[in-house]
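We've got the same protein chain twice here, in two forms, each standing alone as structure tokens: structure 1 and structure 2.
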Structure 1
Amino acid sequence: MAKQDQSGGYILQFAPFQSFVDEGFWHRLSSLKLNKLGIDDSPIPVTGFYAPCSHSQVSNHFTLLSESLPSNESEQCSVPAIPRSNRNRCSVPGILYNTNTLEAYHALDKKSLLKEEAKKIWEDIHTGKAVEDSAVLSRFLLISFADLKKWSFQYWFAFPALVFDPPATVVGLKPASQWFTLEEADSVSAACNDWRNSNLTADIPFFLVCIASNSHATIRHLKDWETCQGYGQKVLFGFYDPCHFPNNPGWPLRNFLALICSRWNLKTVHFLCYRENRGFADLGLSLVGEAVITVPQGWRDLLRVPNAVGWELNKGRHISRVINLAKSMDPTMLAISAADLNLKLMRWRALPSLKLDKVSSTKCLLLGAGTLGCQVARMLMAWGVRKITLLDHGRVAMSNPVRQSLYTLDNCLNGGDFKAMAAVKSLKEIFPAMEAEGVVMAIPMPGHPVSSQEEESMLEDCRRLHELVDSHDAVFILTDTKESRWLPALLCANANKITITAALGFDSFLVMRHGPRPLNSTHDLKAEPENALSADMDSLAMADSGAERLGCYFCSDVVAPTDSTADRTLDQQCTVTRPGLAPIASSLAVELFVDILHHPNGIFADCEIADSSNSGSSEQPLGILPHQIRGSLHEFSQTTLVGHASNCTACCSTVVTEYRKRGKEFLLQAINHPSYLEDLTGLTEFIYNETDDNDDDDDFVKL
């Protein structure tokens, strides 16, 4: 207790609020900052909570929870929707200033911010709002800086309190059980319990305690002050006191006295510091005292705002607090947050229209887990794709780890791990939230005939690949040989999937997107896609403008794919390329895929070429959407090209329709007899006619 003054009282000293911020608050603030606010540092309305002290040795904290902030879906300026009538959560309005930089945080004018909030309290007192909604007397201020890279948060609370000059004094502060008679104490306890148990009043922190001459007590709202006068009633001004100290009332009393002094011009005030034990009124812990107030000059003037104090001390010093959540967070959740950080920051300034949810929910099938497959998987992971299936039948060889980024020496030992399974394990080690799956399977290929004993196994592989293509939204064809790309190209055309092919030469590469399914192929209800993204693709087909369809990887060929590995030397059998080629082609393949997802027409989008008059680069957030990208490291050049669909052996309506009609028989014939595809599509006749024309031309060679 402070030094006694001349009147026999002591200067009234108040126990400050003790703040506590739940981790959920910081998680919600981080989400709000990344997903909605961006660089907007406008003030944010927040809601704090406190309750009466419920333990003789521990004060209740002033708490912020995740629901203290607006949700991501709500408007930034809206007050958080907090359900009322919770006896353990008296809601208090506040304001949050969250800065974009640490420098801006330190540069905040704390004196002005505190004065501005004190002015709001002063206005609420003079307008009567504080009588109708007494929670505004405890309004608060929070400043913060969130370092979302390190998950570190600096913050500082202020609980503005209007300053009496001269200060108020207190006379006879004692436990309430000693101030009331036994009859009064019993009645006051019962009335307080009823007030606290009512859904209408449980979280109203300021009230009147009226005790009649017959010792009967009632709890009334502040607005009933005039009604309580007369009839010999004793009136105490009660408030929920979060403090447990036996000689000091809690912080909420400061502005409560300012309201009483200004509103009703009282110079002596009996107050009740209401405290509880196990949810019931505890008059032994609660305090009653008489405050003596000298009304400061000018307190009747709304325009003369008193001085204010209220910045919370940190271990007795005027410094902010720091909390680091990185160590307490689940490593997987921390990895997810860190991985998504760069992508979400893109939406702040560079790319507000970035559709991260659409990217992350897209299921990608990677055919081939070699040099291209490893790089594409990592690029997809960097873009936020979380569902990847890798298909490959090979094992990790000693020569692989230096070029294929998902493998290490351990994967090469004991005959080598299957690439598909080793790649999945590596992806999950890099990012535990990946939903990756490996499939060990060879892709049936034209020109690689199978015996009658192997037919069932081969057809089972075809069926399995068909199901994989159908169950994914996008397919990356990343295999080593041309013939291994034929069946995937056909199945993707049949299912109308986003399809990206990447192919490497020694110092050149091709990256291309396949055109959509031919519109006049036989309709088969069984082949309809079940996932939402593919359904969107099909709905676009109905609105197709009729522009010339873009081709697939095989549309420029005039022969069917055949065995390209027979009678080849070692350097011809292996994918011998310049080491820098695969990362370049893989990155372009993934960027092309993301561009397709963001284009309003998806796979039905026309080809856009750089510098062309209809490039559309000014309209699409990610720029142009080309059909083919061909590059050369020899010349350090890159060109965008377009190739339209032809009567090719993989994607034309004739082949797709034949596959749908004949199924297994068609596949057996195509794989065992590649010339069948040439006959089916008319390429045989075309080649014959071309040869015949050339023979005719020879008759007219000038000597």
Structure 2
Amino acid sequence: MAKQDQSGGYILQFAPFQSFVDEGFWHRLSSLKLNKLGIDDSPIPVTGFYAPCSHSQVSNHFTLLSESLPSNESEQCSVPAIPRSNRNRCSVPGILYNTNTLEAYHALDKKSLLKEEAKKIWEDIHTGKAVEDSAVLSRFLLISFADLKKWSFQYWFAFPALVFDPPATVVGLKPASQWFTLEEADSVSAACNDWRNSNLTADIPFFLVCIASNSHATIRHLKDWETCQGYGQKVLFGFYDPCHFPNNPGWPLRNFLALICSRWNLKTVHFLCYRENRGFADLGLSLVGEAVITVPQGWRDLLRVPNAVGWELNKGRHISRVINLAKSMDPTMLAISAADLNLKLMRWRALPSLKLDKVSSTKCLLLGAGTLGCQVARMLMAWGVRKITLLDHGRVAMSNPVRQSLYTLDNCLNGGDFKAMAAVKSLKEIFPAMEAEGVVMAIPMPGHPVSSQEEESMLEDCRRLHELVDSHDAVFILTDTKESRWLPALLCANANKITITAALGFDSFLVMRHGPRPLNSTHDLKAEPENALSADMDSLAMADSGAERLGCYFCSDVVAPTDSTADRTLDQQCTVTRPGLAPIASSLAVELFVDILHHPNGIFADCEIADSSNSGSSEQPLGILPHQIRGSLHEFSQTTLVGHASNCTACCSTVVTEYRKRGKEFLLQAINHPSYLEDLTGLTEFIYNETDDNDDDDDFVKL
């Protein structure tokens, strides 16, 4: 690869700088662009850093960090404070042209930009500034386009190097340890280490190595050139070489030779490529060579700027580089990966059997977006659930934000936002990856009859609720009246969905999971063949567990749900509860839900009660799976209970079958005439029988 010329020397071939941009630089550039610069695309002064090579197999990079750019707080962009350099990073001035569009980036006149920077170096050489502050010899240029929506950055470095024509040749390039005598080598190493260890000189990348006739070496500043002459001293021009190649010096030598040649008119130059290992001078890695220069015509003339090269190649090709940092800069993606990592930690550390994927993919329908709904939504989000639908027909009232954790005062203004929609918005603000939907709708309730004009829309609401239950995997019944829970309980039993009910008293609560669908309900006229099969499987599951079907919220009811809100005082109408109750109940509801997902029998799981024989011997890692949890703040107590299915008005096979058979007519009857449900399920008889014992009146008639 090296070409030989007639004098026996090889054309001096330099290893280019390898640029490296820390992502902190792009972060700060984005911030600067967004907050300060706007569309201003004037050039920005930047600082680069490099250090001598410190490893025999890896070159050191020319690095840009976040400190390379002025911070947002600085007064003026045009005069930045030079960031502190140290022995590990010499600062080098540079300029950045960051365009506003991709087209403008590609349209930049790279040739003239390079020429302009080369001119600055040339002037620094001629005025002597390069002798005082030699880092300017490695002045650089960077062009970029920052796409701040996609977090992708196009960029291209240029390291201007003045071209010798004819090119310089090198004679005898070899490791420094072979060039120096043993004594000289020791002395040079010691002198270099001193230079590197002193705060005053550690970051000065160009220097003189003066070796006296007694082999004693000293390192001197470039400006001391005159005083190094004579006394039989050997003088080498040393520089920090970031490159590790054994046969090539690094890029900084190019402009160094240009300086030496034009300032001191030398035609042969001994140079030292200074490289290190583990913080100390490594003369085996460092190189010494002799360069032979033919001073080009016109180099005396300040005004005739020599040609320059230096655009960095991208994997050997003359094209721009691009980097996409969405994963580490896009706040949404950062939030998602942090939340995921947190959940995975639970799995690694405490519960390797956690089925996080199952939890996060379960679609949850929350009926009610009040105190319970808001808290349940937040807890589900904490468990990694992404798909939540909230249903509520109300608007956020002034009294809500303190207790309902998704709302703020803003939601109450101008009549109040719809709760379902405000809740969804709030969830997404907390965690952008939430796939939350709001449904503004009232749940039709038995005991709240509708006029004939309203029938159509009521049935439409029923149909809509039916679809919502069908399209989700789990339903949380979190409404504030008993009767509003009836239709959801029926629909969930019909569709065999995981159902969790939470209900609050003043200082007591109930959290329970509904049992699975009634077995006999599948034997009806409209049953699909698959239903029959699944019914068989259901029976098997039930038979296996040897258990009775667990009940729903209504299974222990003696009367059908009626209008509980009429003729009540204010404090009875709106559920006035101790504030701590809703969060407790909501948290238990979500934990119960996660338990069900982990139980091998899922919705068919039998109940497990907390007792001394059970504790510690539970097979499930998350613990027991109860049916009902009842708690009281009055005693700070909590118990688990079981209630098996009964002939209730919501989930028994009679009712479910009737719903499937007669659909709309059934619903109209149930909603407009609540005693219909009692009659249907035989509750009427039950009540009648119960009360008959004590009644002497034969004329007693019950509707």
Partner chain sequence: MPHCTNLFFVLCCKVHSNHHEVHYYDFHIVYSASYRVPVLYFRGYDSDGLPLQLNEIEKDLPACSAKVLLESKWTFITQEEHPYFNRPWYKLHPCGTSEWMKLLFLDEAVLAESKVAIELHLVSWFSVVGQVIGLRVPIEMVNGRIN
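Computed from a predicted structure; not experimentally measured. Residue numbering: sequential along structure 1, first residue numbered 1.
Engineer: Which number goes with the form predicted together with the partner chain?
Structural biologist: Of the two, structure 2 is the form predicted together with the partner chain.
Engineer: Take R660, S328, I293, K129 and report the one at the hinge of the rigid-body rearrangement between structure 1 and structure 2.
Structural biologist: This hinge corresponds to S328.
Engineer: From C-alpha superpositions of the two rigid parts, what is the smaller part's rotation angle between structure 1 and structure 2, in degrees?
Structural biologist: Expressed in whole degrees, the smaller part rotates by 167 degrees between structure 1 and structure 2.
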